[in-house]
Each structure stands twice: as C-alpha cells, then as structure tokens.
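First comes one chain, alone, set out as structure tokens in the form predicted alone.
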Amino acid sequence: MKLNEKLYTLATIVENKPGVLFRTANMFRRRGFNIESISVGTIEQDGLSRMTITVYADEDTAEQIIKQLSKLIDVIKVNVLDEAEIVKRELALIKIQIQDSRALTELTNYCNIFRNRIIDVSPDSMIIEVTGTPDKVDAFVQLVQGYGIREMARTGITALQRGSKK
C-alpha cells in the first residue's frame, strides 16, 4: 500500500452468467490494478450476483477502476461503500496442528474468547471457523500462528451498506 492509498470496498451487481468473473478479473489485470479480495454470490434478484471487491488505491485510481468496471457489459451497478457506514465480514477456515492436550485446551479457550467455532477435530489437528471483521480474523490468525497453521482458506470481504441506502 502506498502513502495516499486507502481501502475501497466496491459492491458490484453483475449478471450471473459464465465468464463474468473472468472478464471482471481480466479488466483488473489488463489495467494493472491489484484486487485485495473478491467474493461473489447470488443476491435476492434472480439472474444477478454481487461481487464485493476490495482494492487499495488512491482517489484517482479508484475512480478509474469504477469507470472501467461500469463499462463491462455484464456489470449492472457499481457502488463504493462508505467504510464508516458498512457492515463487513469475512469467513476463514483454519486447520491447526494440535501437539498435546494443553494446546487443545488453549485453542478451545481462544475460540470461546473470539466466539469462533470448532468444526472438526482429529487426533492431531482441528479446523476452526472464524467469522468477523478482517481485523478479527487477522488477530486470531496471529494468535494461533505459534501452534502451526497447516491450512487456511479465507473468503474475502463481503459487505452491505447500513440502513435503507443500497
């Protein structure tokens, strides 16, 4: 991240058709923009999906990204979400190595403190579901790194504007 850059969260409504994700990601590639995270899923209207894209950019670059996204034929709408007025969440699944019963007890306590869920346990590992703000996910990852993270999958940020504004 450069000095005058900040994180932009873009809520993009697109047609739910094959190739839309590729065309969108390809636009970023062609223009040399880096996607920090992207999550995609269907919405309440049939045939449409919502892409939540986060990028670090300065104001001019963010404006250029929005213009380029809006030009794509499959893009219906692009909104820049106001960081102060949004609810955003991320999901992470983290497989952690368990070396002994003490580690299991400590990890279970950390899960309770962070309100995470243990979704699988085997004799030598456990999988933990972490849901929350990206800061919460980062904090938990940092806390458990010393135990030995075997695998991790993060969904990327998904967000909605608070209140009646769409």
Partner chain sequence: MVKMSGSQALIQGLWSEGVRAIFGIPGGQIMPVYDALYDSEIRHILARHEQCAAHMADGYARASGHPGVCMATSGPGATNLVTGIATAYADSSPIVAITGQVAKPFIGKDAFQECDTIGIVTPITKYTLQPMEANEIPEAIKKAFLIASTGRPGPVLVDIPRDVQTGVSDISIPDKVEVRGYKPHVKPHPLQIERAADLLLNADKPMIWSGGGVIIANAAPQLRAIAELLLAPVVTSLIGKGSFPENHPLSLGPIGMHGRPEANKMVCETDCLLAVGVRFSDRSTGRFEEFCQDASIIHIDIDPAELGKNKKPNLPIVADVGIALNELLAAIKRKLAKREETAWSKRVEEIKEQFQNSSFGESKGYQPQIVEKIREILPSNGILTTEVGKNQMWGELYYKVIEPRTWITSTGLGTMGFGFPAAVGAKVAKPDVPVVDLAGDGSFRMTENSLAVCVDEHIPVTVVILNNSSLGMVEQWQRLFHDRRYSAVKLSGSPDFVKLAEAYGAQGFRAQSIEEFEKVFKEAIKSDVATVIDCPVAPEEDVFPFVPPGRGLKDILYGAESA
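Positions refer to the first chain, counted from 1. Everything numeric in this text was worked out from a predicted model, so none of it was measured.
Below: the form predicted in complex with its partner chain, not depicted.
The shortest heavy atom separation between G32 and its partner chain in the predicted complex exceeds 4.5 Å.
None of the heavy atoms of S37 is located within 4.5 Å of its partner chain in the predicted complex. At the 4.5 Å threshold, heavy atoms of V75 reach its partner chain in the predicted complex. Though the partner is left out of this view, T131 does not reach within 4.5 Å of its partner chain in the predicted complex, counting heavy atoms only. Residues placing heavy atoms within 4.5 Å of its partner chain in the predicted complex fall in a single listed stretch, namely 66 to 74, out of 66 to 74, 99 to 107, 50 to 58, 113 to 121.
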